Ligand SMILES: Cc1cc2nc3c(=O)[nH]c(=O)nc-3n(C[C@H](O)[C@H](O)[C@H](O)COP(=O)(O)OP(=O)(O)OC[C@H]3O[C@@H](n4cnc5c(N)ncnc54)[C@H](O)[C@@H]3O)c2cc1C
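Okay, here we've got a single chain as structure tokens, the form predicted alone, with questions on binding and movement later.
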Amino acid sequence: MLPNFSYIRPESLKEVHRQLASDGTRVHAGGTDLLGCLHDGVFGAEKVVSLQGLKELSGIRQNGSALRIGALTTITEVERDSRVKELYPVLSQAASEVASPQLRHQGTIGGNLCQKPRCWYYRGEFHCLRKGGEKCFAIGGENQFHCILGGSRCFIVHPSDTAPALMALDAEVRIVGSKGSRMVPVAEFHVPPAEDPQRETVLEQGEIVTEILIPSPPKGMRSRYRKVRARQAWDFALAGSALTLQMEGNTVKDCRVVLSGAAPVSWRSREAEEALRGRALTEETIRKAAAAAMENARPLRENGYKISLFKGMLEEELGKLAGRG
């Protein structure tokens, strides 16, 4: 059952910020995560402020040398946009893997970045560390889907598919509040539990994401997104990767390797990047890069299978970017 709350639909950003100034207020974009959290009692709300009246937050357009995606642009629109498909296939592929077709039609890219964790303890009737309790129940409980990298006190995995793709593209988000706006790299947008186990993003009270800016791709860039799920169900990633390679002939000039389903935030594997950068994309290079991505993995009791899953997936995807398969 949903809690009782007032519903406000402002027509301007100024009014949004005024409404968000009070405690007990939640932002409504597509609502696919918000309503589920309210229904399950993950958090409450005295007031829900809808952004649907702000048409300027929707759409995809060129903004100088960058591509601008409004925060209210639906996942389906991102997936199908011809510019995204041509210039940033990693993002188009990631968007196509989000949830189900129905949810992609309703959900927004801003909401996909800001969604809450899907840990069954956090979403269930457990007063866990992320909800202000004293412990992460996943450490000694059922943890087959939890993180193998970056776990510290809380062992969630971040559920977003678009976040790792945007991180691999060096994208930024514009955050706007009553005190003005600021630009934050997607790589710095999410808060790891080692810093604060009760926050997911750097958003402060009253702030919202208004747009995402993606720089023009460098010459010779190749990119792919892969998501491994149980039985190809409409579910969250057991393992995933967003890869961008800037090629100069047969050599990897620069690259980004970002993992999903691995850590509490989208996880950039600098170890794998170091194994690729400056080298030809041979089978040996690919094998070493995949192994390097997992060298710091620390699995829990039931999720050690993820290590071999990530290695195999990365070898396959890097092989495809090399033109083999």
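In this text the structure is predicted, and so the values were computed from the model without any measurement. Note that residue numbering follows the sequence shown and begins at 1.
Just so it is clear, the following notes concern the form predicted together with the ligand, a form of the same protein that is not shown.
Exercise for review: Indicate whether the ligand has at least one heavy atom within 4.5 Å of a heavy atom of Q93 in the model of the complex.
Suggested key: Outside the cut-off, so no.
Review point. If you check in the model of the complex, is Q246 within 4.5 Å of the ligand, heavy atoms only?
Key: Contact check for Q246: no, nothing within 4.5 Å of the ligand in the model of the complex.
Practice item. Give a yes or no for V209: in the model of the complex, does one of its heavy atoms lie within 4.5 Å of a heavy atom belonging to the ligand? Key: Flag for V209 set to yes.
Review point. Is there a non-hydrogen atom of G177 within 4.5 angstroms of a non-hydrogen atom of the ligand in the model of the complex?
Key: Result no; G177 lies far from the ligand in the model of the complex.
Practice item. Counting non-hydrogen atoms within 4.5 angstroms of the ligand in the model of the complex, say which of C114, I214, L149, M221 makes the cut. Key: Result of the distance check: C114.
Point to revise | All of A263, I286 and L314 with a heavy atom within 4.5 Å of the ligand in the model of the complex | key: No, because A263, I286 and L314 lack any heavy atom that approaches the ligand to within 4.5 Å in the model of the complex.
Practice item. Tell me, please, which stretch of 254-262, 278-286, 32-40, 61-69 lies within 4.5 angstroms of the ligand in the model of the complex when heavy atoms are compared? Key: Heavy atoms within 4.5 Å of the ligand in the model of the complex occur in 32-40.
**Study point:** Sequence-ordered residues of 89-104 touching the ligand in the model of the complex, heavy atom within 4.5 Å
**Key:** Result: E97, V98, A99, L103.
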